[in-house]
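Before any questions on binding or motion, here is one chain by itself as structure tokens, the form predicted alone.
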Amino acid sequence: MDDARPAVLTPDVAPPERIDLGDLVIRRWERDDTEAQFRAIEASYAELHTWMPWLPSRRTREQQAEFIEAAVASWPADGNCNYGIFDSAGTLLGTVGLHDRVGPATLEIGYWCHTGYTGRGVITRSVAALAEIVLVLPGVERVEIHCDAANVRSAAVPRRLGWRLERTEPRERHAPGESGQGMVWARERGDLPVGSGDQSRRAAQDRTGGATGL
């Protein structure tokens, strides 16, 4: 996060730690998730390494444990709220997160899906639910998704949800598959359907792990 501007995510203004979609559960990471996350990243390494600057090489279990410890220690953790996405049996399907790094009153949503569970709408549903909740938090007026223009799967998520492609602009290449052209997709508080915020406000009231009723 840019230290020159006030934080958008704070302990007092943060999304719920658990979002229950029935057959999907989006929840804050726990220490017991370390091995499942490590295995998911290993299984999806080829795809993640291609597009994700945070994975220039394979991770060790120790590095994964450090990530989990940071996520467990505070909420938000260093300007981030990171979630695992699980099915009803507790299988890790992917991840979604909020990142306080793009501008005033604005949060970025990032995500990736386990290679074995792509094409099932897991990420699309998770992003839709998280965006609806976040856009009624105090001080949040806008959410963005940033992806490389060549990353067709990633761009399909905001496109499918009807987000606005605000701009495509040059950016540095930090991962092997990147084209050097970045896409910025946006959704604003005023874009929410009338009445949708009531449900999200009820969900956001539970910051300790209750169901959201989405």
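All residue numbers are counted from 1 along the displayed sequence. Keep in mind the model is a prediction, meaning the values are calculated, not measured.
Not on display, but discussed next: the form predicted together with a small molecule.
Within 4.5 Å, heavy atoms only: does residue 146 come near the small molecule in the predicted bound form? So residue 146 counts as contacting the small molecule.
Quick check on residue 51: any heavy atom within 4.5 Å of the small molecule in the predicted bound form? Taking the distances in the predicted bound form, the answer for residue 51 is yes, it comes within 4.5 Å of the small molecule.
If we define contact as a non-hydrogen atom of the residue within 4.5 angstroms of the partner, is residue 71 a contact of the small molecule in the predicted bound form? Because no heavy atom of residue 71 falls inside 4.5 Å of the small molecule in the predicted bound form, the answer is no.
If you check in the predicted bound form, is residue 121 within 4.5 Å of the small molecule, heavy atoms only? Close contact exists here: in the predicted bound form, residue 121 approaches the small molecule to within 4.5 Å, heavy atoms only.
Using a 4.5 Å cut on heavy atoms, which of 160, 167, 58, 174 is close to the small molecule in the predicted bound form? That would be 160.
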